[in-house]
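Let's start with one chain on its own, the form predicted alone, as structure tokens.
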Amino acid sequence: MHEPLYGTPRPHGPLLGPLSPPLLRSTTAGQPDAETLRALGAGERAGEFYQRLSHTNGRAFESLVAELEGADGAVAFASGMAAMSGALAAHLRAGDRVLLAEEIYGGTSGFALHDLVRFGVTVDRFSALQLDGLRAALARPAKLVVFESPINPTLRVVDVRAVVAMARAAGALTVFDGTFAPPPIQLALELGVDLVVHSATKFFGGHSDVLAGVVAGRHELLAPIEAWRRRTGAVLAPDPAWLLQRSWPTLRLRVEAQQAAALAIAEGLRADVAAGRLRAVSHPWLPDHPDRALARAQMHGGGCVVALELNGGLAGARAVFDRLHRIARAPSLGGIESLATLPAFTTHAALSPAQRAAAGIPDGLLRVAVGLEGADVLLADLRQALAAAT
């Protein structure tokens, strides 16, 4: 195998020289001779050559992800969907069959159902919460099994090891969306998945100023993904790669604080459920969560998102949503700002109310991605919104 054109884990040494990484924006680089030009152009070695192939800031970010995930390497893309679509397209061809969880991000479903099928790939669905269906689906050959956990936006937790074992026994690779619970919350590769995909826009960026995606795994699975990225031009640019390097040292601190606040908010809102001001609150670490034992077996914390089901369905959710003061009304998650969104209007807007209900997503669901404002501040904002809406 040629030298990877993506980042791999790097040995640590003493901190010498400038401690803030440099930003290199040059799209091209001069070479010393024809042989160097040939080797770089053929993808036989990494180095500064032409930015679409690879560049210093991108490889540095990829190396950080590879080390964090315990992976051979990582391949960074211009967005989370570029990373997921690249991971799927690079490992599928006409005539292949992919098993796609019903409970997965809407953008992934859209790519599979609108684009993969156009190129002759068969896409079949299964419920990641009912594994007998997956077992039956794997009775026919499948190339990939694609799923996520925790599930957006319901926060149900999938038995990752069980899905991996079934897929592996049937000769299928697993592609896992780890965006909702990145390391240090969950180490997907340790749980056995073959490829883990992240929207680096979320926790890895952490400041709502980066659009990026990344795939991590084994070299033999990453090589075709890097080649796909090179051909399609979906490489992550140096500026966002540099911002991701900037955010990296605070990742663990941010996630630990956000997790603690999310759990405190979820626990506090149980009193509002008991008082009838709220229909339900969900967080994987709550004692009444249906998957609590499973979450504790495969996660290091319950994550940084809280799901609320409001009284009055969609109208009730809209009323509370519109009265929030400190929590921003916006899509996305993982940043230092707390964000609230209505899945019926955002992540699952393409589904009908009946389809959302079948997926366990009531129209009265409000998803809160917890930032760093403090649990007391956020809980007070949610309670004033609940009171104002009644």
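Because the structure is a prediction, the values reported are computed rather than measured. Numbering starts at 1 and runs along the sequence shown.
Just so it is clear, the following notes concern the form predicted together with pyridoxal-5'-phosphate (PLP), a form of the same protein that is not shown.
*Asks:* Though only this chain appears here, would residue 105 touch pyridoxal-5'-phosphate (PLP) in the model of the complex if you measure heavy atom gaps against 4.5 Å?
*Replies:* Close contact exists here: in the model of the complex, residue 105 approaches pyridoxal-5'-phosphate (PLP) to within 4.5 Å, heavy atoms only.
*Asks:* Would residue 279 show up as a contact with pyridoxal-5'-phosphate (PLP) in the model of the complex if we use heavy atoms at 4.5 Å?
*Replies:* No, residue 279 stays farther than 4.5 Å from pyridoxal-5'-phosphate (PLP) in the model of the complex.
*Asks:* At 4.5 Å between heavy atoms, is residue 158 in contact with pyridoxal-5'-phosphate (PLP) in the model of the complex?
*Replies:* Residue 158: no contact with pyridoxal-5'-phosphate (PLP) in the model of the complex.
*Asks:* Determine whether any heavy atom of residue 65 comes within 4.5 Å of a heavy atom of pyridoxal-5'-phosphate (PLP) in the model of the complex, and answer yes or no.
*Replies:* No, residue 65 is distant from the partner.
*Asks:* Can all three of 57, 76 and 243 be found with a heavy atom no more than 4.5 Å from pyridoxal-5'-phosphate (PLP) in the model of the complex?
*Replies:* Heavy-atom distance to pyridoxal-5'-phosphate (PLP) in the model of the complex: none of the three under 4.5 Å.
*Asks:* Which one, 295-303, 234-242, 258-266, 210-218, holds residues whose non-hydrogen atoms are within 4.5 Å of pyridoxal-5'-phosphate (PLP) in the model of the complex?
*Replies:* Only one stretch qualifies here: 210-218.
*Asks:* Which one, 289, 202, 230, 318, lies within 4.5 Å of pyridoxal-5'-phosphate (PLP) in the model of the complex by heavy atoms?
*Replies:* Partner contact (heavy atom, 4.5 Å) among the options: 202.
*Asks:* If you look in the model of the complex, which residues in 136-173 sit within 4.5 Å of pyridoxal-5'-phosphate (PLP) (heavy atoms)?
*Replies:* Result: 148 alone.
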